[in-house]
Ligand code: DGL
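Coming up is one lone chain in structure tokens, specifically the form predicted alone.
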Amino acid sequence: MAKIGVFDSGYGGLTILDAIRKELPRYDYLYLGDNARAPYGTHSFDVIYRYTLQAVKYLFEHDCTLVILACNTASAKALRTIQQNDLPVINAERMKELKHERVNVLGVIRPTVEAVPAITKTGHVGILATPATVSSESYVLELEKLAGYRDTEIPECRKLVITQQACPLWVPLIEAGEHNGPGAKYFIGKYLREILAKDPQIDTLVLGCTHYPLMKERIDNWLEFRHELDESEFPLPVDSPKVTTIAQGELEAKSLADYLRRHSEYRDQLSTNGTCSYLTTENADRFSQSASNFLASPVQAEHIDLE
């Protein structure tokens, strides 16, 4: 029987894994963090695609029938190519080897995007993400598809106004464990000020990085009290709307649950012992300590090499 694989270039995917396990606790999971080669966002498309494909193949070879790319950079840069070019070849090879179970790869961007229309009232949506995800414009493209630039059954999202903001210092703060420290307040406010200055009518902010939910409480707190800021520091229209932030974990978990309901060919392959194992390309002890902090529960990881 097979597992659900969850892959990220670092630690952020643990927030996705945590939400999925809460939604679907009975299944068995295998988490792989390519921490030795993180961050992916600084690499070219070809390198990100190659690294992601190596991880996906590794998980397939270790009894995963579904792999979730719990990484926005990998979802933006590599998912489509893997789905279109590599999966048909991989599944054909499995059939030749008499492995009749098909495998598949899913990302985190589409489930996040699909939640937006039901949340925004003004139609003004902001994307907070890493520079690589912003430059890929994956969220913009997916929202535009949903908004009627291509066929859609959701007419209310045809008037979406989309604004992006790169937040290059948020991931380093989180991975250094400083996101709850006093110094993080400045950098949280810095990027929120910048995106709301671009469009003060934003009422929905997508946290387009799997690390960012760890700062969601502080982000929400800043947004709630932003009208109390000094006008000279951050002028804001008095009628600017209340802002709702969207984190990816719960959305991805519900999307996966729905996917499994609709695709019995994958669901019926999955084993249901409620286990979870962790793999990393970096030092296993270092990963275990950091992952334990992320999940607020003990983690014991194993080191692997992907190359």
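One-based numbering along the sequence shown. Computed from a prediction, not measured in an experiment: that's the story for all the values here. What we label the rigid core is the largest C-alpha set whose atoms superpose within 1.5 Å from one form to the other.
The following text describes the form predicted together with the named molecule, which does not appear among the structures shown.
Enquirer: Just one stretch in 34-42, 274-282, 49-57, 254-262 has heavy atoms within 4.5 Å of the named molecule in the model of the complex, so which one is it?
Expert: Looking at the other structure, the answer is 34-42.
Enquirer: Just to be sure I understand the contacts: of Leu106, Val134, Val171, Leu196, which is the one whose heavy atoms reach within 4.5 angstroms of the named molecule in the model of the complex?
Expert: After the contact test, the surviving option is Val171.
Enquirer: Of the options Thr130, Thr112, Thr204, Ser138, which one has a non-hydrogen atom that comes within 4.5 Å of the named molecule in the model of the complex?
Expert: Checking each option against the named molecule in the model of the complex, the one that comes within 4.5 Å is Thr130.
Enquirer: Given that the partner is absent here, does Lys77 sit within 4.5 Å of the named molecule in the model of the complex, heavy atoms only?
Expert: Taking the distances in the model of the complex, the answer for Lys77 is no, it never comes within 4.5 Å of the named molecule.
Enquirer: I'd like to know if Cys209 sits close to the named molecule in the model of the complex, meaning any non-hydrogen atom pair within 4.5 angstroms.
Expert: Contact check for Cys209: yes, within 4.5 Å of the named molecule in the model of the complex.
Enquirer: Need the contact residues for 243-266: heavy atom within 4.5 Å of the named molecule in the model of the complex, sequence order, or none if there are none.
Expert: Not one residue comes within 4.5 Å of the partner.
Enquirer: Answer yes if the CA of Thr42 moves 2 Å or more between this form and the one not shown after aligning the rigid core, and no otherwise.
Expert: After core superposition, the C-alpha of Thr42 moves 2 Å or more between this form and the one not shown.
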